[in-house]
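Have a look below at one chain only, the form predicted alone, in structure tokens format.
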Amino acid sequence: MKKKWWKILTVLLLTYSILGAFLFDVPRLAILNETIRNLHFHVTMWFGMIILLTVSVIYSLRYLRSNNMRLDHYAVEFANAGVLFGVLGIATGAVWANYSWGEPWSGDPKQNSAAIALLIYLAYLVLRNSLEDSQQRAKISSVYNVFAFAALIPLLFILPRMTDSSLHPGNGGNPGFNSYDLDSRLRVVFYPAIIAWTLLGVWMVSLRVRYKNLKMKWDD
């Protein structure tokens, strides 16, 4: 039971976050209206993505120091989970943009930068699958993972802020959500949702790594 408490917490937080996102009262804002509920999916999934990809690059760095294949397993599975949440984040963002901006993909600098960042990580996954030797695959992909993360930060947080053409909150001179409408009605779901999606990603990683470790023992 001691090892299962965080899984129970994950289920409870996910249930609370999803129900709260649809049922709790939200601010009534012009244009956004009820679509602001997407904040609890789109933004929180992106937070989860960033956390998971950060953990992935840490494991890659640890692998490069130790050559422990189990560390590489964690690195790639955290990257897989992060990419999954990134894809879901772009999809939910496109739905939101369709209602708020009039079209799902408007070429907004933040949208373009996010797409490029995801393509870089998808290339990381393709690179891994193209190498047959496990040690070579782990070393080359670990180095690539470090550079992919180094590109992720400016693509998401720096470059979109350097243009005035972005419609995205917090970019192009637009105020971020926190400055005008992230009130207590949103916070009671927003922060638990970040924890919930992140823990779900960790749960997925733990299952995948357990499977890989068992397979590695079987092969040996």
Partner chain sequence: MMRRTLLFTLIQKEFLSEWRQKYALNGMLLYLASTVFVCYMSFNLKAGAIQPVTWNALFWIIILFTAVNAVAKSFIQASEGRMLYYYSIARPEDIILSKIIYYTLLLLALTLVGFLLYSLVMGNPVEDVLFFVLVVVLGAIGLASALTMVSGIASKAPNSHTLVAVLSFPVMLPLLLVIIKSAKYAIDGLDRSTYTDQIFVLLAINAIIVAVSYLLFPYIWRS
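Numbering follows the first chain given and starts at 1. The shown structure was predicted, so the numbers you read here are calculated from the model rather than taken from an experiment.
Heads up, the form predicted in complex with the partner chain isn't pictured, but that's what we're talking about next.
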Contact check for Ile116, Ala151 and Leu155 against the partner chain in the model of the complex, heavy atom at 4.5 Å: yes
The partner chain contact at Trp105 in the model of the complex, heavy atom, 4.5 Å: no
Close approach of Gln136 to the partner chain in the model of the complex, 4.5 Å, heavy atom: yes
Tyr99: touches the partner chain in the model of the complex, heavy atom cutoff 4.5 angstroms: no
Residue contact check: Leu127 to the partner chain in the model of the complex, 4.5 Å heavy atom: yes
Partner contacts for 121-146, taking the partner chain in the model of the complex and a 4.5 Å heavy atom cut-off: Ala123, Val126, Leu127, Ser130, Leu131, Gln136, Lys139, Ile140, Val143, Tyr144, Val146
